[in-house]
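Taking the form predicted on its own, here's one chain by itself in structure tokens.
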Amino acid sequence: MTMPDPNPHLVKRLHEFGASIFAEMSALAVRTGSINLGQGFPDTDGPTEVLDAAVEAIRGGKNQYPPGIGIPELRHAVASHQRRFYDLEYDPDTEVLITAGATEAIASSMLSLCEAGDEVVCFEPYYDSYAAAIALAGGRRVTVQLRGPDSRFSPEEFEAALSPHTRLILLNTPHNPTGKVFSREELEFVADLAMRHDLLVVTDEVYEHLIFEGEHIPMATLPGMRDRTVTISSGGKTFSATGWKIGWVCAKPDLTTAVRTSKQFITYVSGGPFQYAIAKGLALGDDYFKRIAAEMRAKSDMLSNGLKEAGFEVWRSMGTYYLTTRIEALGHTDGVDFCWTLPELCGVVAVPSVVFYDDKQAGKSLVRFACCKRDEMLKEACRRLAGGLQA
């Protein structure tokens, strides 16, 4: 018996995409009154200076359409940020584009830079919007797997993934969901292949200031890569304002213009008053950026220790909001089933990592937890996990 198509009007290239796992798990947390360690958003607000700047902009009448490429104050702040932290020079008028978060920047990059049938090479596990953005562009994703507790990849496997149809490489560092921070050696390997095969590289660097181990090395800083890299970041994670959706693109003028061509017909503009606030945030002192990394490391360590005590195998996280765990030691093998029953067992919500994989067997027994919550919530979650899973 043939089952009816649950969404007969959806175009075929999007058939593999249903409701976002993050929306489903957050709804489950609300419905069950559980602690939400699934979706990656903080449960506290960002720095007062940034919040006050948003209020001031709203009350100051900055509520209409901003310029299509973003307000000058933020574009100059982004350019200054790139110079300050990475010694990268970008013209704020021709090489910086403000977007509705990094997600829109990635989608606009795929739509503008990929023809139908082009291949995009990315690492798996991958943030789920990457697959959807590639599909929207009519592209084909080709994945190279990050394996094991240290999330290493095979250089031979990566090189074999390239073909005459490869258009670009999509790279995320620091990496969601694994917490991997790519080393200089790894990035130089990818850069060398990009130059030898004349490929573009699109980088998602939204966790650039949340690193506990290693250092963030933007792909654009490597020799020969500045003019073939589309660098994407945002203020949501750095300033605990994920709902504002203020992101940016830095690239040479023709690449920025290409990305803007799609972006202007998706949102056109967004978040006018919040752009002023993120500009304020990017100008904060070094002490702020050091402090948020130290605070997140402490949270990551706290949750990691609690998960280990509850019986999880916890993989190494070098940054971001996230910890990846294996669940076999707890007597479970299916991360999806485990995450749907976890609220009943423990009153905690997590995300099954299989949604970040094309190789479903590789991700089947992995579960991702987010550590970006108040200390008291993390402690309570650890207490619940230890009690509920070991009862």
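Note that residue numbering follows the sequence shown and begins at 1. Just so you know, these numbers come straight off a predicted model, no measurement behind them.
Beyond the structure shown, there is the form predicted in complex with glutamine (GLN), which is absent from this document and is the topic of what follows.
Student: Okay, which stretch from 327-335, 63-71, 33-41, 359-367 lines glutamine (GLN) in the predicted complex, with non-hydrogen atoms inside 4.5 Å?
Tutor: In short, 33-41.
Student: Using a 4.5 Å heavy atom cut-off, which residue among Q82, N176, S240, S300 comes into contact with glutamine (GLN) in the predicted complex?
Tutor: Partner contact (heavy atom, 4.5 Å) among the options: N176.
Student: Considering Y127, Y90, F312, W315, which brings a non-hydrogen atom within 4.5 Å of glutamine (GLN) in the predicted complex?
Tutor: Result of the distance check: Y127.
Student: Is it the case that Y207, even though its partner is missing from this view, gets within 4.5 Å of glutamine (GLN) in the predicted complex, heavy atoms only?
Tutor: Close contact exists here: in the predicted complex, Y207 approaches glutamine (GLN) to within 4.5 Å, heavy atoms only.
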